[in-house]
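We begin with a single chain expressed as structure tokens, specifically the form predicted alone.
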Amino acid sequence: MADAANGRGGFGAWLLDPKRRGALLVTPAITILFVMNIFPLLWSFGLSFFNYKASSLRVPSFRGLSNYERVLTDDKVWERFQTTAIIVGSSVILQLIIGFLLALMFAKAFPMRRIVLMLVLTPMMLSFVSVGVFFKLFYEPTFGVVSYLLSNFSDERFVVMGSPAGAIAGIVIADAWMWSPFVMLLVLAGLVSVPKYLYEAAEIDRASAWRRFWTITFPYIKSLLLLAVLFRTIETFKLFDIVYIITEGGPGSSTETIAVYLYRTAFQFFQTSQSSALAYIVLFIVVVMTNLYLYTVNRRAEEVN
């Protein structure tokens, strides 16, 4: 009665009790997480065991593991995995080379270093859609800059996206242009952490440049390089936006990555259950690579400590 008279009684007072304040604060976040993430995951996982099409009004029928068996025995799926592996391998190697060279350049002082560094980092801050549209226009056979420059070496107009090799190279270059600065930042962090007295001692011993790199520099950057490889492999494995905007998987299906094939299966062919099974196979691969990434991060933290 006294609490009610002072305006501190009723449901509001019960709800705002300090004992319940913590749970009250996290409830909205947990609710959003469940509605936006956990429920769709559980729903799609359940659909992967049924025969269901989003475009059909038929009642789903239980199929067990047949969708997973169908996906794993489909030659098209393995061809898309091979295409994805080619793009991932080529792109990550190119990013490592460019990122490492940029890190060596920015490890030393030179005029306008900060301005140049800011310009180099700009691609990483752009959206995938912007980068995809930029490079689609660059590769345009009638007015694209790349096609125009390459045409100077032949009498005919060069169509970059006209062949599977050219299309894959176009995607790899676009992805490497966007994410090489990320590799550069990681390698640069390793380079600036090398104590200078080690190089001075090596100079006194007249060690060659290769020996200085292999015995002093490389031990400091090797874990960061591995970190860059794992992180970029995971991200490039899921590459969809740039591929779909630049080539839409063409010519033919030569650049159709597993992410693009998954999109077509789900939203163009409306094979909902099959696409759910494929999505969980891709998720399993990403989880394995993510665990490798976390293992590397933990090892790096132990080395630093």
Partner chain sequence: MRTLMGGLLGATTLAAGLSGAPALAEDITITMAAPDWPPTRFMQEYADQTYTSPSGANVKLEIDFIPWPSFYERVAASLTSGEQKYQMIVTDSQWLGAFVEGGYYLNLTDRIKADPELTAIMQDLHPALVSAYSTYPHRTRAQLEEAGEVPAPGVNYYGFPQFPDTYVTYYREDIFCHEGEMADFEAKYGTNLPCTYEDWQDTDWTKWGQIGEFFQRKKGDMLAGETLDDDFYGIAYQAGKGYDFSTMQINAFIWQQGGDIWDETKAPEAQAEGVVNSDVAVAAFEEYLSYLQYMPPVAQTGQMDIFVIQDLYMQGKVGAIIDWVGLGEPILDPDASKVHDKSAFAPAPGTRQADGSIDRTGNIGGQPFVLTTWNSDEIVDEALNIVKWWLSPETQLEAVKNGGQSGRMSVMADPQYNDLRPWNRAHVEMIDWQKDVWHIPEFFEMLTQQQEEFDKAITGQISAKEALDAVAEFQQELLEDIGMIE
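Bear in mind the structure is a predicted one, so any value in this text is a computation, not a measurement. Whichever C-alpha set is largest while still superposing within 1.5 Å between the two forms counts as the rigid core. Positions refer to the first chain, counted from 1.
Here the subject shifts to the form predicted in complex with the partner chain, a form of this protein not shown in this document.
Chemist: Counting any heavy atom within 4.5 Å as contact, can you tell me which stretch out of 239-247, 61-69, 276-284, 28-36 lines the partner chain in the predicted bound form?
Modeler: After filtering at 4.5 Å, what remains is 239-247.
Chemist: Consider the chain as shown here, without its partner, and state which of 234, 102, 161, 173 has a heavy atom within 4.5 Å of the partner chain in the predicted bound form.
Modeler: Of the listed residues, the single hit is 161.
Chemist: With the partner chain left out of view, which of 143, 153, 110, 197 would have a heavy atom within 4.5 Å of it in the predicted bound form?
Modeler: Selected residue: 143.
Chemist: Are any of the heavy atoms in residue 269 no more than 4.5 Å from a heavy atom of the partner chain in the predicted bound form?
Modeler: Looking in the predicted bound form, residue contacts with the partner chain include residue 269, since a heavy atom lies within 4.5 Å.
Chemist: Heavy atoms within 4.5 Å of the partner chain in the predicted bound form: does residue 252 have any?
Modeler: Because a heavy atom of residue 252 falls inside 4.5 Å of the partner chain in the predicted bound form, the answer is yes.
Chemist: Can any non-hydrogen atom of residue 212 be found within 4.5 angstroms of the partner chain in the predicted bound form?
Modeler: It does not: once the partner chain is placed as it appears in the predicted bound form, residue 212 has no heavy atom within 4.5 Å of it.
Chemist: Is residue 41 near the partner chain? Define near as a heavy atom within 4.5 Å, in the predicted bound form.
Modeler: Residue 41 lies outside the contact set for the partner chain.
Chemist: Against the rigid core, is the Cα displacement of residue 65 between the shown form and the other one at least 2 Å?
Modeler: Result for residue 65: no, shift under 2 Å.
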